[in-house]
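The chain below stands alone and is given in C-alpha cells; this is the form predicted alone.
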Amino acid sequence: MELLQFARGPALTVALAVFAFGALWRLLGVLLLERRGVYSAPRPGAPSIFASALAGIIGKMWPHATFLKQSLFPVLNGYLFHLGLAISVLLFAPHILFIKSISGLSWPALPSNLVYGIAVVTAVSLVAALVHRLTDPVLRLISRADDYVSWMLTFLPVVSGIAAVSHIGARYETLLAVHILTVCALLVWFPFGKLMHAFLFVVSRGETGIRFKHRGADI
C-alpha cells in the first residue's frame, strides 16, 4: 500500500508537472522560433494559410503512392497501435474517472472487456513495430537510443495495465502501483524525447503545407 500511495501521490504529481511544463516549453520553443520571411506573392489560386496548413497535416497522413508498397506495413501498424493507445487511455472507465478527478471532464466509456482486448492488440502491435525496426536495415541504421527508450516507455504502461486488470503476477495493489509508476516514467520522458511528435507533428506539417501551397506545389 505504501508503494501505491507513493505512486498515486508524489510520483504522479511530479510526473504531471514535468509533463505539463516540459510540453509547454517545447511547444513555445518551436512556435517562437524566428521564421524566414516570405516576400513573394502567392501563386494564383493558392488557398488560405489555414487551408494550406490543414492540407499539410492531413495530406501526410498517408504515404505517396510511389512509396505505398514499401511502407504499407509500418503505416497500417502505426495507425493500429496509435488508435489502440488512444482508446485504451481515453475510453477505459478507470482512466476517465482519473481524468475527471484532475480536470472535471468526463465522457462515456467503452465496455471494459472490449478495451482490454484492444490493449492486448496494441501490445502485440507495439512488439511488431519493434521487430520491424530491428529487422529493417534502414530503420536499424537510423535508430537511436531515443527510439528504443520511447518504445519501452510506451510499451510498459500497456503491459502493466493488462497485468493489473488481469491480476497476473502479484497483488492488485502492487500491480496498480507498478502501472502508475510506468505511466509516470512515460509522462516525464514525453516532452524530451520523440514522443513529443504527438504535438509537434501538427506544427511541422502545417508549416510545410503553408510553404508548399504558397508556391503552388502539391503536398
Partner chain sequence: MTASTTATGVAFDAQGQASDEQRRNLAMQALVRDLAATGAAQLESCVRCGQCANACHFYVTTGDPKYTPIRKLRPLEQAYHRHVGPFAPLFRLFGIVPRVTAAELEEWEQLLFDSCTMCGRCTLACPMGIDIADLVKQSRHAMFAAGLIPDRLELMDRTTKLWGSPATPSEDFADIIREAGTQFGVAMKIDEPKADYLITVAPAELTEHTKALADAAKVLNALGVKWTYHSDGFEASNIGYLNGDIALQETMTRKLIDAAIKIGAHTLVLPECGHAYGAARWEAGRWYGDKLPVRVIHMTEFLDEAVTSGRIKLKKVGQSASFHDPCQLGRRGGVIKAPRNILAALGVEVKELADAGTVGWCCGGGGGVVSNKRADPLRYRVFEMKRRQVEDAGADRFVTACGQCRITLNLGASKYKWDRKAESLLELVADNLIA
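Residue numbers count along the first chain shown, from 1. None of the values given here were measured: they were computed from a predicted structure.
The form predicted in complex with its partner chain is left out here; the points below concern that form.
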Of 90, 83, 139, 131, the only residue with a heavy atom within 4.5 Å of its partner chain in the predicted complex is 139
Open item on the list: With a cut-off of 4.5 Å between heavy atoms, is residue 47 one of the residues that contacts its partner chain in the predicted complex?
Closed with: no
Verify the contact flag for residue 168: yes if a non-hydrogen atom of it lies within 4.5 Å of a non-hydrogen atom of its partner chain in the predicted complex, no if not.
no
*residue 71: heavy atom within 4.5 Å of its partner chain in the predicted complex?*
yes
Against its partner chain in the predicted complex, would residue 123 count as a contact residue? Criterion: heavy atoms within 4.5 Å. no
Within 145 to 160, the residues having any heavy atom within 4.5 Å of its partner chain in the predicted complex are 147
